[in-house]
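Next up, structure tokens for two forms of one chain, structure 1 and then structure 2.
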Structure 1
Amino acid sequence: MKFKNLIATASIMAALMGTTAHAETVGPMGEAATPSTTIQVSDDKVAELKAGGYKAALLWHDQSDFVNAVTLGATDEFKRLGIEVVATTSAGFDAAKQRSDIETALAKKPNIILSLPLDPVTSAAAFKEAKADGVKLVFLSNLPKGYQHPEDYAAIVTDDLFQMGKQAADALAEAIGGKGTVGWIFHDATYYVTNQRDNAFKTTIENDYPDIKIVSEQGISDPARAEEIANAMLLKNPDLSGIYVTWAGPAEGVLAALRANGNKTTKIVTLDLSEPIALDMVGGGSVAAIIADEAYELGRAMAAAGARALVGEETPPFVVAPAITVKTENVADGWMQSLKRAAPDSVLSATK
């Protein structure tokens, strides 16, 4: 998942104050997490929904394999419930474009909107008309400023953030034999999704692996600087056993740095599926594991939350989908479980 240009509100910053103290995922306002598998539309409500002639719009922040999988999960659930998808858009990480997308979609009179709000302040205004029209809003991973549950939105749905970070720590610890030194490259921005994932890695290493020490910490806001940051980290710590990288884009730069340095011993663990990262992993390179979310399940749960709101069933405010540890031996199954599509041919060919 990509997170650039997402601006957190002061309330989200306050919620993050205790992030490392939590051994579980919490929402942007400190909400307890509800597993996505519990968010279901009961059979007795399906007929009511099918008879309602309801419509939905999917107004996304960007276009990617992740978004495609979320869209598939949502559209499959909407189809099951007889809800027509009348608009699917991509804002290209442009908050102004997203506002325009909302205005255009409202002309088609959707009853449900699924979206990732790009900017808490701008999005609060952008979704105001939809709220006024009684549209049921379900948000992916972010919340417009000042919005309250359940009157303003049906639910936020995101990854099990703590588990993603924890599984990354467990995978890296296993790859380096439970001892050694590691570098921690974290997202240098206040955004509760990446912050919780990153901090969960650090907390798990510090609490569960006494023989592993984090000896180098570096924030990153621009993925293009990843190779430069990794080079500096390796210059000071040439014998690093492993490096955690906040997501797959920057991890590609870290991998390039390891290759440029002729380093074949330092292991990488990162989050979110990527073909170049997976190719290195299945080829026995530096990448030990990739931690992914169940993107298809995110979409299904978002659609279910919106449909439940239409028939008067309240969904808990903060819903999370499971995390998956993807390694060479389960890369095909992991890709399918996360994205509901086959892994790239290059990756599958390299595993044979």
Structure 2
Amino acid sequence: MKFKNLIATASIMAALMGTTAHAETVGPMGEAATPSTTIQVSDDKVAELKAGGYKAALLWHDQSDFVNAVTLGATDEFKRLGIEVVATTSAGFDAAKQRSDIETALAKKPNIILSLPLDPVTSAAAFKEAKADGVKLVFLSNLPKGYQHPEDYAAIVTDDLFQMGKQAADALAEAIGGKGTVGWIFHDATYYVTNQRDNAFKTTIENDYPDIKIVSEQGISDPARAEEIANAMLLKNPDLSGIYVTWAGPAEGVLAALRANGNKTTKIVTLDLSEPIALDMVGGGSVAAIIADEAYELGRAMAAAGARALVGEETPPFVVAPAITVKTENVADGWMQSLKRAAPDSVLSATK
């Protein structure tokens, strides 16, 4: 469930950054974003790391496709650096379990911990012991309250949320020929991740595409209701050129509404990879593009940041991994780049 990651990611960022959309993704303390590709371990340090016999623990918030891809990215990088992954845990969104997982993992004396802190308040106490033990902490998307860079943690790594929303706007604009009317289905909740992406889409359309008008705005809090919402939107605006949907789950409902209405002209753009959405796209259906994050790269950058901190190299406080626009022509590469895994067979065979 990709959406659950969004929820987890949301809490602290919302607290730290307010809810206004920024023109670009910035860190909790307003730090500028450093592209993840610049976080590399130099060859001379690799030998030093290999000789160190270092250990790492991956203490996640939950299990999902996204977490699997992050884990794979981190483990591959750790393997390259001769760092052994000694423990992997999932807290199932339970703050108390996350605290226990941290304590348990510390028995194996890891030098690096990669983790998504469940929320700033509960995780501040949870990571204290690890911090006191001198473990290099690299956080995914969230930051425990009051933690300072670089003394308390090595880096926060996250998606480039603004880019994801902007690329969604660019892709939809391209699909409808740069003019027309669009519907905006946004996540109606105060969740930083979805709010940032949704607002970036809106800002981009409003600022960069004068011939495109957002004529309908609908919030959604329950993905299961997406079909109803899309039906109502299409009833009022039967000739919509395009619809932005906040993430893939509700986009499946919007797709169902278009199909039920026999609508073959309205284009959909959404975020996060999903097999049914991709299948419609490659079959020349309503979906024009999917914006995905680079989950594997997030994991790789987290591992590299931890390793750099271990050998005393500087690490930037706030690192973002790029977004990818996935269309029919790059679906195989996009899937591989995002999740380091081949796209589902159904999708690949439909492109042939």
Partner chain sequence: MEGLRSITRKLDLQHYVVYLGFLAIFAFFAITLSGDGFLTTRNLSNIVLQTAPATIMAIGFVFVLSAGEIDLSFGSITAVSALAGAVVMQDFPMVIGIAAGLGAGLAIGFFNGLLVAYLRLPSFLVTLATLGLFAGLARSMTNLRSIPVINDAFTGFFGSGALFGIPSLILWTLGAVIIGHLIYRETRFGAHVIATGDNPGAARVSGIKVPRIRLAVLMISGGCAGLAGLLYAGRLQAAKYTLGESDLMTVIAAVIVGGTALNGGKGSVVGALVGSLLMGMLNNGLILMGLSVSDQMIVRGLIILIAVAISLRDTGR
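Only the largest set of C-alpha atoms that superpose within 1.5 Å between the two forms is called the rigid core. Numbers given to residues start at 1 and step along the sequence of structure 1. On a predicted model such as this, the values are computed, not experimentally measured, just so you know.
Of the two forms shown, structure 1 is the one predicted on its own, while structure 2 is not. Core-superposed comparison between structures 1 and 2: the CA of residue 188 exceeds or equals a 2 Å shift. The Cα position of residue 71 differs by less than 2 Å between structures 1 and 2 after fitting on the rigid core. Once both forms are fitted on their rigid core, the CA atom of residue 81 lies less than 2 Å apart between structures 1 and 2.
Shown is the Cα shift of residue 284 between structures 1 and 2 after rigid core superposition, which amounts to 2.9 Å.
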